[in-house]
Each structure stands twice: as C-alpha cells, then as structure tokens.
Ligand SMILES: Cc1ncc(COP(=O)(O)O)c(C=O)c1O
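Consider the single chain below, provided in structure tokens and representing the form predicted on its own.
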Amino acid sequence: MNRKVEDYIKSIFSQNPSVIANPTCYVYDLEEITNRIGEIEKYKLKNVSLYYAMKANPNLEVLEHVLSHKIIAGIEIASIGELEKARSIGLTDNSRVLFTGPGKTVQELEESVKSGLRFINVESVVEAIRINQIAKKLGIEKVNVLLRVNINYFLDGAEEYMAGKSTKMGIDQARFYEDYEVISKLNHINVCGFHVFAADGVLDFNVLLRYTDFVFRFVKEAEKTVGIVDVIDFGGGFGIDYTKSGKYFDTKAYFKGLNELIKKYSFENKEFILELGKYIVGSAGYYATQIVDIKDCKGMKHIVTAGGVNHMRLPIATDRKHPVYIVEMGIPKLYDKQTEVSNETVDIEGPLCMTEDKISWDEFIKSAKIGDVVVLTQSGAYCYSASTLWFLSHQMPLELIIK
C-alpha cells in the first residue's frame, strides 16, 4: 500500500466525522485507474477497442473518471440498471454500449433494442428469437448482435471459468452450426461477430494467447459457413495479483503476441474488443475498517472489525485472501491488560453473528491494536457491489474518492 493512500486513510479515520461515526469505508484512487488505462494505451493495437466492464465497479465517480479517457470506447453492461447508471453521468450515446450476459429479460431486451445499443450479446437461440420478435414489433429492420460461443477449450490458469466446460454461458461450440442455422434465418438479426469470453483473472499472458489461437482457428473454420465476421469480442481476462509477490499481467507482451496471431490468420481487417473491469479498477480500491476488539480465545487471537463479509464478501466467497495492511492509529488503551497482536497469526472477522464472517484468516500480523485500521488492498473490483450490504442492517460502508 503506497504512502499517499495510507496517509489518506489515517486522516479520514481521525478527522472525517462521517468515517468516525461509521468506521468502515471503501477508498478509490483515481490516479491508479488512470495509470492502468495508460498501461493499455501504451501497447494497444489500433484495431482493438477497449470497453469498461462496469460490473467491476459501478460507483458513479469511478465510472465518470473511466469514461473521461479517450481510449475507452464505451461500456459493457449486464443489466438495464447499469445502463441507467451510465446515463445518469451523461453517457447519452447508446452506440457506445455493449449488453452481455445470460438471462436477459424480455423487458431488458426491448429496452436494448429500442435504445439502439451497439451490440447485444446473444446467448441462445431463444434470446435471438426474442430479439427478432421485438424488432419486428418496433419496426426496426436489423439489430446488431454478437453470438456468444462456449468454446471447446479449457483455459487453465484462471480464477473463474466461463467456457471450456459446462456453464450457462453462450452457445455450446458442439451445437454452434445447428443453432446458427436457426438464427441466420431470423429477418431482423444481423450477426456481426462472436463473443468468446472464456475465463477471468489470468496473470500469464501466454495463457490468453494460446486460447486466442484456438479461437482464431474456430473463427476461420466458421467463416466458411457464416461468411466473414467483423468483430471478435474477447471479453475480459486480464488478472491482478492478490498476493504481495509483485506479479502482473504483461500487457506489452500480450499485445505483441496478439498482433502476431492477427497476422498469422490474416485478421487485420477485424475489430477486436476487450471488456476490462478488474484490470482497470481492481488495484485502485481499498477496503478499510477499524478494529473494534481483539480477543484471545482457546490459544488463537481474533481481530474483530466494524465491517465484515456484509461489506467485503469476496475473500470468503472465492477462498482467496486480499493483501492485508494495518494502519496504526495510536488509540489509547481502555485498560492495562487490553489484548493486542504482536507477530502472531490471527483471523480477522467482522461484527456479524456467524463464525463464517471473516475478511481474512490465518493472517500473520506484526502489530495490531484496538482502534487501528485494517486495510484490504486490491478491493476496487467486485467488492462493494458484490457484498451482502443489507445483512443484519449494519451501516453501509462509505465510498470515498482520492482525486
């Protein structure tokens, strides 16, 4: 954790009345977001379009900041609620919006068709038929779509898998041609390309490139039947390191390898889409919560914090810990024998009435006292919005911005 963020957290926990009254918050560093986007901008190919996957962090100030960068072609949404949020901060150009995800309702599809989004990601024949019916009813000649294909390739080395095995995502490659035959006969559907998002949280760029090579072979073969497609949407996949080991996704090497594959398959005239969320905002977020109590029970110490899995559910849900730091606050002891932590392995737990309420576990802590602040880094993506915020009706964590 850098000094700027540490000083900011120390300041707000000692001086900001809102934080003192509700000692748990998320902090987002906009400069770090800009740095991440800049890392992509340095190496991105001209025929690669970068969209922000706003499901990663839909905070309005974060969203507005991301969209302020010219390199961001638009946003990828997974619900109409996300579209409304984007509109609320001034995104009025619907051609900058992609709608992906399984299980879109008829109402969501109708709003998407009426709005003229750039692409709707079609997950099944049923979804394509619904879009076709809606377009016919509204008198819209063609709706541009991408067909999501669950490719027969298991992308080993990721945190989450959405293809290469049985999932609800997309059209199974094994029945692609059968389903395409039905979709191609729908008068109001214009298939512009494929969506092939397979896995998330990949740190080794070579893993993504090997998958890309397999996808390109599939596309080359499919074009013999469907004709030339213009767009291949890779979804996301770029990982961030949730340890303190200093690993990182090598964007320079990735784009160099992607360019070589594009040349290999003569795909220079295609557009390639990346929908990045975690890579852009993940490392820019910090979850901070004050230590309310420290207990020594049956030979192990437990740090009890003001917020728990109700605010920060991701570690326990994914069985993956975030890097932990302690910000010393210098709060005086309430009594002489008050329990402290000194070079010990502890569990860090919230205020909920359940033993599963852990934001970290088996964590070695050099020093911690009641009143200090526990900070979990790498908390900018899928943390605040993916938590059970209303559970037990505790106060909601604040969301604060370092501008």
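Worth saying up front: this structure is predicted, and the values here are computed from it rather than measured. The first residue of the sequence shown is number 1, and the count goes up from there.
This protein has a second form, the form predicted in complex with this ligand, left out of what is shown; the following refers to that one.
Participant: Is residue 315 close enough to this ligand in the model of the complex to count, meaning some heavy atom within 4.5 Å?
Facilitator: Residue 315: no, not in contact with this ligand in the model of the complex.
Participant: Is there a heavy atom of residue 148 lying 4.5 Å or less from a heavy atom of this ligand in the model of the complex?
Facilitator: Within the cut-off, so yes.
Participant: So in the model of the complex, does any heavy atom of residue 235 sit within 4.5 Å of this ligand?
Facilitator: Yes.
Participant: With the partner left out here, check for me: in the model of the complex, does some heavy atom of residue 276 sit within 4.5 Å of this ligand?
Facilitator: Residue 276: yes, in contact with this ligand in the model of the complex.
Participant: Since the chain is shown here on its own, which stretch among 235-243, 205-213, 218-226, 296-304 would lie within 4.5 Å of this ligand in the model of the complex, judged by heavy atoms?
Facilitator: In short, 235-243.
Participant: Please tell me which of 119, 197, 194, 254 lies within 4.5 Å of this ligand in the model of the complex, judged by heavy atoms.
Facilitator: Only one listed residue qualifies here, and that residue is 197.
Participant: Among 346, 53, 373, 40, which has any heavy atom within 4.5 Å of this ligand in the model of the complex?
Facilitator: For this set of options, the contacting one is 53.
Participant: Each of 100, 201 and 382 having a non-hydrogen atom within 4.5 Å of this ligand in the model of the complex: is that the case here?
Facilitator: Each of the three qualifies.
Participant: Scan 14-39 and write down, in order along the chain, each residue with a heavy atom lying within 4.5 Å of this ligand in the model of the complex.
Facilitator: The stretch does not touch the partner at all.
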